[in-house]
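What follows is one chain in structure tokens, specifically the form predicted alone.
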Amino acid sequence: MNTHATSHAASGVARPVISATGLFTPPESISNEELVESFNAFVERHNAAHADAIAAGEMEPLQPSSVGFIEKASGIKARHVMNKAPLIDPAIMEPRHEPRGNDELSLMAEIGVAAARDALERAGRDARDVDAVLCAASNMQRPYPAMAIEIQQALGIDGFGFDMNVACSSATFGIQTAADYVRAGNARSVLVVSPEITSGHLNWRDRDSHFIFGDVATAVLVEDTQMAPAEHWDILGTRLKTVFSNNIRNNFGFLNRADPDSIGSDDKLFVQEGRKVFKEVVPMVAEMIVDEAQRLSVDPTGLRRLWLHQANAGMNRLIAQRVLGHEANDDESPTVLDTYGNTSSAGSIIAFHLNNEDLAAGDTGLICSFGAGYSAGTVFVRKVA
């Protein structure tokens, strides 16, 4: 299915804009060199422990990794994480966090609140002016209560909130949802918060994927233009698209928790068919962008900047080329993938947050996400003031 909406609605309907964005970056980071050293130590230990089975041909030895392999496959050089030590300990290699009581602010809400406060401060907005909180992320810390309601309570917002998950496209789906609330008059100010602790659903023992994800939190403040600060971004139009695919999947959940000692437990964590994803998603997203630009009477080759989902440098390069008609430079399509890794739904928002202040009034750009589902979302924006 696909759905689209535009802010150029009938006269008298509220017009949504992006007033500000916020970012929380964990202080700890893992370099590729550290990750490879950890992974290769694990491989050596594993192969030594199963030497007899390997020699007998009953088991294939694990293969070591390298910095060159990771950077060629993804373009990633480092990733921020909430708790570094256990992830790079060859004897653990999985996230470990101190448990918190039910009366304490949860970890996911904590980083979401930090990003939200950053956005509110940048917009000069008091939390009491906000009507709704959408927690749009790829994995929630728990089934309920909703993370959004906890974030709402911590910020002191008198309104409503709910969680939504469309994997790596959650933030752009959240922006369209927030914009629709503004257009409908159900809210004047909506926070779309994307706390992504992606390290929690990554298999750190898998050579083909252990380097992909990083932790972060972003927030986008979507408001009626009549209450927005002088400098903001008009939302020219949005479009969403989903096509079911199993090529990116995560089965981990409270109904099917992974048992590290059971056969096949690895499929309960993040898995993907990378080559299939590349082949199928690139043309789908590029065509979607061009079609939506034409519907909005926007020349795609004239877009000042593309803030694309930060999953794979090669995918972004090819999508940008198909949209702009030439290979994009770093100014036209900035990357944060090298230092943040893939941060799921937060990736395109980080790129926008860190790379928009130099644009001039009237410049038009695109925030675009894509990922598991398949799912894809586009948000065309134009800078005001």
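Residue numbers run from 1 along the displayed sequence. Remember, it's a predicted structure, so these values are computed and weren't measured experimentally.
The next section is about a form of this same protein that is not shown, the form predicted in complex with coenzyme A (COA).
Checked against coenzyme A (COA) in the predicted bound form, the residues 296, 123, 277, 88 give one hit for a heavy atom within 4.5 Å, which is 277. With the partner removed from view, the residue among 180, 110, 208, 287 that has a non-hydrogen atom within 4.5 Å of coenzyme A (COA) in the predicted bound form turns out to be 208. Only one of 354-362, 62-70, 25-33, 319-327 places residue heavy atoms within 4.5 angstroms of coenzyme A (COA) in the predicted bound form, namely 62-70. Remark: residue 233 does not count among the residues lining coenzyme A (COA) in the predicted bound form, judged by a heavy atom distance of 4.5 Å or less. With a 4.5 Å cutoff on heavy atoms, residue 306 does not count as touching coenzyme A (COA) in the predicted bound form; it lies far away. Though the partner is left out of this view, residue 173 does not reach within 4.5 Å of coenzyme A (COA) in the predicted bound form, counting heavy atoms only. Taking the partner from the other structure, coenzyme A (COA) in the predicted bound form has no heavy atom within 4.5 Å of any heavy atom of residue 106.
The partner is not shown here, but in the predicted bound form the stretch 288-314 reaches within 4.5 angstroms of coenzyme A (COA) through a heavy atom at 309, 311, 312.
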